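A single chain comes next, written as structure tokens; it is the form predicted alone.
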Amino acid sequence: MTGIYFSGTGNTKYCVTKFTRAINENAEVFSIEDDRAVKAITDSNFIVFGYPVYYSDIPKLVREFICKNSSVFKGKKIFIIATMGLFSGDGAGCSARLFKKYGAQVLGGLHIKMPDCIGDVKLLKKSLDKNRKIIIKADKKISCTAEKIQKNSYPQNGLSFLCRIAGLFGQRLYFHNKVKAYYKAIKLNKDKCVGCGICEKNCPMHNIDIVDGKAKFKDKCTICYRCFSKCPQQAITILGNKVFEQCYVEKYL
């Protein structure tokens, strides 16, 4: 068993690691950004594959990883973990359809609610106590599901036709443009930016350069909120215009 994930602020990494090692404490876990990920998939028969859900869809970065490496998924057994801040619909089903297309056997799916990473939209923000309670519930769901899988019982979250309809009409139909192309409208408060390079170092898309002592964004953002949450000066916003909370999973553990 091998865990593979994409994670912006640590939610999905946390869930995939905890889940995979609850089943096999010696299992290795890799980010899709890790050069070893493709070989790890090739060498393993059972893959736990996790990602956050954006607007009831897969992040474009994750979709491209699956499509680019389609041949390595043929014949693999895959269990999908989809993390979300509020609603998913068929979050697991979106990748399941791709995996099946490329010859993989999808055993099941698990949807896990986690603290929302979108820290520049006030409506989505919860108190620290509420987010910690969300983590506790997630831990219990992970442990319970791991026990079921050890008994060969796989949940099917997000894989049914009704889930697909819920995902389509709940969000994807209205927000498809948010994830079908890379986002281009990241905003920088130049008065706050000190050109420290932390955002540049952490961007999974290599979408940020430091030019003349300030962060400069290109046009390939995958909306993972990693740069937003790691900026020590709170100089970056993405969907909103004000930093309400920088969200990373370690705050809630």
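Throughout, we count residues from 1 along the sequence that is shown. Worth saying up front: this structure is predicted, and the values here are computed from it rather than measured.
Although not depicted, the form predicted together with a small molecule is the subject of the following passage.
Note on the partner interface in the predicted complex: the residue among A104, M84, V72, I142 having a heavy atom within 4.5 angstroms of the small molecule is M84. Among heavy atoms of Y252, none comes within 4.5 Å of the small molecule in the predicted complex.
Under a 4.5 angstroms non-hydrogen atom cutoff, the small molecule in the predicted complex lacks C199 among its neighbouring residues. Using a 4.5 Å cutoff between non-hydrogen atoms, T2 does not count as a contact of the small molecule in the predicted complex.
Taking the partner from the other structure, the small molecule in the predicted complex has no heavy atom within 4.5 Å of any heavy atom of T20. Heavy atoms within 4.5 Å of the small molecule in the predicted complex are found in one stretch of 48-56, 202-210, 25-33, 61-69, which is 48-56.
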